[in-house]
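Given as C-alpha cells, the chain that follows is alone and in the form predicted alone.
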Amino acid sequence: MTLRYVTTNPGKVREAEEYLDEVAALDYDYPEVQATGLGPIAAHGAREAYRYAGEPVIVDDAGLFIEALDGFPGPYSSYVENTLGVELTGRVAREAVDEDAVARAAFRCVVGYCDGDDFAATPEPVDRGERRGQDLAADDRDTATTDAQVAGGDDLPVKLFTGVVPGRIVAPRGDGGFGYDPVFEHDGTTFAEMDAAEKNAVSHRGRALAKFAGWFAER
C-alpha cells in the first residue's frame, strides 16, 4: 500500500522515504484552521486530505517555538517568515533575553495520519475533531489529549505523532536549508550549516516520522 503524503515539497518525500517503504506526494491544498498549537492544524489537514483522496494520508505541520517569546511564532512561523523575515525574528528573540543568556527555542513537528478507521489506544494521542475552534496551548499539550478525553467525537479520528528538536536562536550562519535554518543552532551547528543527511538525522520532522513509522508498521 502506498501512503500519500500531502506535500508539494520533494524534500519532505525523500525524508519520509528514510522511514517508510512506500510513500508518494499528494498535491492537495487544504484550508488551514487557526490554532495556537500544531496538533489541531495537522489533524484538520489529515481529515480533509483523507476525504479528498479516499485513501490513507499523512499531513505534517511544523513551527519554530521561541521560549523568550512565549512560543512565538509557533504555528504562525510561515506567515512570520514571509512578513517579518527570518533575520528580524531571530534578532527580536536574541534581544528578548538578558545579555549573554541563551535564546532557547525548539523546532516542533506534528504528523497526522488518517485512514478512515478508528485507532486502538496507544501513548500517541488521537484527535477526533471536537476541539476544533478552541484556543489550544502552543506546547506539547496540543498533542497530549488522551483517547479517553477525546472519546465521543463524531469526526474522523486522526493519530498524531510529535517530533521536537531543542536548540537556540543565533545570528544567521550557513547557506543551506530554508526558512529559519540559518538562525537555529542545534549542538553547536545551525541547520543551514548542515547538509541534507545531517539535518534529516536530527530534524523534528524526521523524529515525528520515525515515531509514526514504528507505529504504522504494526497498523
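Superpose the two forms; the largest set of C-alphas matching within 1.5 Å is the rigid core. Counting begins at 1, following the sequence as shown. A quick note: this is a predicted structure, and the numbers were derived from the prediction, not measured.
The form predicted together with inosine 5'-triphosphate (ITT) is left out here; the points below concern that form.
Trainee: Since only the chain is shown here, I'm wondering whether residue 8 would be in contact with inosine 5'-triphosphate (ITT) in the model of the complex (any heavy atom pair within 4.5 Å).
Mentor: Yes - in the model of the complex, heavy atoms of residue 8 and inosine 5'-triphosphate (ITT) come within 4.5 Å of each other.
Trainee: Does at least one non-hydrogen atom of residue 48 fall within 4.5 angstroms of inosine 5'-triphosphate (ITT) in the model of the complex?
Mentor: Looking in the model of the complex, residue contacts with inosine 5'-triphosphate (ITT) do not include residue 48, since no heavy atom lies within 4.5 Å.
Trainee: Test of understanding: in the model of the complex, would residue 181 fall inside 4.5 Å of inosine 5'-triphosphate (ITT) by heavy atoms?
Mentor: Yes, contact at 4.5 Å.
Trainee: Does residue 107 reach inosine 5'-triphosphate (ITT) in the model of the complex, with heavy atoms at most 4.5 Å apart?
Mentor: Flag for residue 107 set to yes.
Trainee: Once the core is superposed between the shown form and the other one, does residue 210 show a C-alpha displacement of at least 2 Å?
Mentor: No, its C-alpha moves less than 2 Å.
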